[in-house]
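Here's a solo chain for you in structure tokens, the form predicted on its own.
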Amino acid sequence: MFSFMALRTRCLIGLLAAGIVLSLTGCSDDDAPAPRPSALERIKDEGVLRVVTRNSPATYFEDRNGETGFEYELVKRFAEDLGVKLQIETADNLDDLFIRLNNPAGPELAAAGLVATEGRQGQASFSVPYLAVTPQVIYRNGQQRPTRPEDLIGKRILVLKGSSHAEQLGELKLQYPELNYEVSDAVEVVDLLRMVDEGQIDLTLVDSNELAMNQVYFSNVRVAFDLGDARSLAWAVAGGGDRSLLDEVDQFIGRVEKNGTLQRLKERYYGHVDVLGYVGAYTFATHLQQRLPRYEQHFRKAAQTEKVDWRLLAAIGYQESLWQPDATSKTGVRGMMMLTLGTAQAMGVANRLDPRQSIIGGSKYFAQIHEGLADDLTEPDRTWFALAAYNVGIAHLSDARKLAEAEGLDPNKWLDVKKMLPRLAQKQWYSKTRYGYARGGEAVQFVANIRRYYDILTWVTQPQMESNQIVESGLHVPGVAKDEVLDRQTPPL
């Protein structure tokens, strides 16, 4: 028979044991670490989608309209779809892009025109495709055209380091050991096309979409042949078991493909060639007679308000739209003066397709740019700088001026700065600038065309009573080279 004391002892031991069990059970349920949030959950919690891309025409760059590029437009819509802000960063090269993507503290997504090659499968996980492209061998017009892989042997070939084209050539070299090629991470696609155009290299490889966007700027560039079948571009995330973001991307791509958004972006960036350029004296003369009389009064009235020569405004309008009030570009700028929606709103333009409103808005915008330039810029250079900024943006113009100064040139002279603007499309130069890639060569041509149109307009529209003013202005100096006159003439403001 147990004593009362023994019974109490056994009860106490039982209670202690039960307490230990309860304590252990409590640790298991209440103190265990919470499950780690998925990549998609972290993005939504932080309210930011961080994306790494390339600074190039087909992916992402900044122009006078702000941030643009096919990849940028598409990924911006994805961020909006998620309800988060978009944060873009650019990689110096393709190797750097994948290093950043796989850094735990780095961007969550790569949207950079990437082909999901076999060699890249170990570097990242890829989404469903959104754009089919074909790798193409590019040669210079006037040279013997290669027609098959064997013809690449003995040629000077350069491609991007880490690119799918470098992988292709590596595989081809196994079949043709005599084939040699070089790779570089100091160039971009635009640089490669320029080098072929200028004869610095014999051949390069680019994808069909990037050629379609840039070929118009390189008159000597031609397609030799397609190297293999069409391949697909895809977005990428870091490798691993977390597919939350990738699954969301796949669903998004499916939606924009179904609702037509993807096709509209493809058409805007790759569907046609920009035709707003110098179309010849005969065509200009025809438009001068048939189109300008309808809008001349609007140019004259805007010129009086903004204190700008109306013929300069008319020249801008012709360069931008060929004096067509319903003109629309692939980047979404519209109207006679080709205003962005943001610029139109800032200038008080309610309807960009109304020629009177467009002319008033474009004139006001140009006058503001001209007024806002640095005080040390004097005429006539100030006007040429204002035209360049109207086209490429004042930030990129500032980059070109700094490049000119670094080269020992005069950053206040258009003759010097226009030599630097095309460098903004070359990686070795724009990588050193604050605002990155820009089609600076277009700005140079833009200014040259407008000056040419303005020169013609001053001749054909100048009333007899103003003839003395022309002589005094120096716009037309007999016996002096046209370019020299244009660079020293009295400005039209």
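Because the structure is predicted, anything quoted here is derived from the model rather than measured. So that there is no doubt, residue numbering starts at 1 and follows the sequence shown.
The following text describes the form predicted together with a small molecule, which does not appear among the structures shown.
Heavy atoms of residue 111 never reach within 4.5 Å of the small molecule in the predicted bound form, leaving it off the interface. The small molecule is not drawn, but in the predicted bound form it has a heavy atom within 4.5 Å of residue 54. Not displayed here, the small molecule is approached by residue 165 to within 4.5 Å at the level of heavy atoms in the predicted bound form.
Looking at residue 339, you'd find every heavy atom of it more than 4.5 angstroms from the small molecule in the predicted bound form. Contact with the small molecule in the predicted bound form, defined as any heavy atom within 4.5 Å, is confined among 390 to 398, 201 to 209, 313 to 321, 69 to 77 to 201 to 209. Remark: all three candidate residues (94, 115 and 189) come within 4.5 Å of the small molecule in the predicted bound form, counting heavy atoms only. This chain is drawn without the small molecule; in the predicted bound form, the residue among 140, 334, 120, 382 with a heavy atom within 4.5 Å of it is 120.
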